[in-house]
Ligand SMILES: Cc1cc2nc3c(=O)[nH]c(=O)nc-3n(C[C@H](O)[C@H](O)[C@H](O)COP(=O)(O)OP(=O)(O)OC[C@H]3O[C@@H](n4cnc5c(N)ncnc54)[C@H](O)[C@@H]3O)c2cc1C
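Below you will find one chain, with nothing else, as structure tokens; this is the form predicted alone, and questions on how it binds or moves follow later.
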């Protein structure tokens, strides 16, 4: 059967839209969307064709996330973490695992954030120690998306030997000694199943190491950071697009019955200016996002800097557009049925996801003034 990416994206987005309100209201994992992504071949989108995947690009994954985020930000978050984990597994995982991902039987996620290092995800404090043919992991992970639903985690620890920053592992979710803290009940992205996970004497095969011992920092910077940043940006831009569209629709359709000709909000120059600024900001951030994909695909020297700029710009754009949407839609924006309030809450998340926007501006400032990032 022929695979058409746009058809698959729209089918999954339709399912995400159907369940978005319930996902947010009940803080429910977006199982229907994930199942639809599996059914339509999107869980294996970025897996190599050699293992049965679609052989899609990071840009393709970005198209998925941006479109799904317009409907359900929690679904977009879950898929973002899956594609970020898949990027590591494609490069360093076993053929068997890669085939499982390609077939849609493996939902991946990242397990980097820790109570000890907080948003400094590149500096884990958790440990890994050799125990015969196995490795023992001990950790307090603070946030893992899809914590109770992922098949396995791409997990960071301090190296077993040497002084390098980290080592990565594939850790099955059902490993003995893993404890998920409980259901997520937060302000936004309420269905992303983000939870703390504690590992106490968790034993995994030594063969589950992803890359060399001590090579985790390099993998994080070269593989994970670009993928995660570009797809988190995609989610922010999808939310910003949804807000721009919802606000324009509200401005066009809300009238003042007591005024002559039933004037609508859009007839006020101030309102039109707000809506126009929203549109311009979203389009500017999307242009940077697409240009950064090109920089990555062509190996341009400025690609790494562009990645940092893109995540920061997309997160801030989503936040600013969300603020404007609440202002334009006024009291109606506080009502669930308008659809702005949910996206307003969800849009705050990217600014505090590591690397946070404040960290990114520091990194960008260092880069453009000739300082080392670390």
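Positions refer to the first chain, counted from 1. Since we're looking at a predicted model, the values are computed, not measured.
Keep in mind that the form predicted in complex with this ligand is missing from the display, and what follows is about it.
Contact annotation: this ligand lies within 4.5 Å of heavy atoms from the stretch 106-114 in the predicted complex, the single such stretch among 169-177, 106-114, 208-216, 123-131. When this ligand is considered in the predicted complex, only one residue from 243, 234, 189, 101 comes within 4.5 Å through any heavy atom, namely 189. The contact residue chosen from 119, 198, 263, 223 relative to this ligand in the predicted complex is 119, the criterion being a non-hydrogen atom within 4.5 angstroms.
Using a 4.5 Å cut-off to this ligand in the predicted complex, each of 77, 81 and 358 places a heavy atom inside that distance. Contact annotation for residue 144: at least one heavy atom lies within 4.5 Å of this ligand in the predicted complex. In the predicted complex, this ligand lies farther than 4.5 Å from every heavy atom of residue 14. Looking at residue 194, you'd find a heavy atom of it within 4.5 angstroms of this ligand in the predicted complex. By the criterion of a heavy atom within 4.5 Å, residue 364 is excluded from the residues contacting this ligand in the predicted complex.
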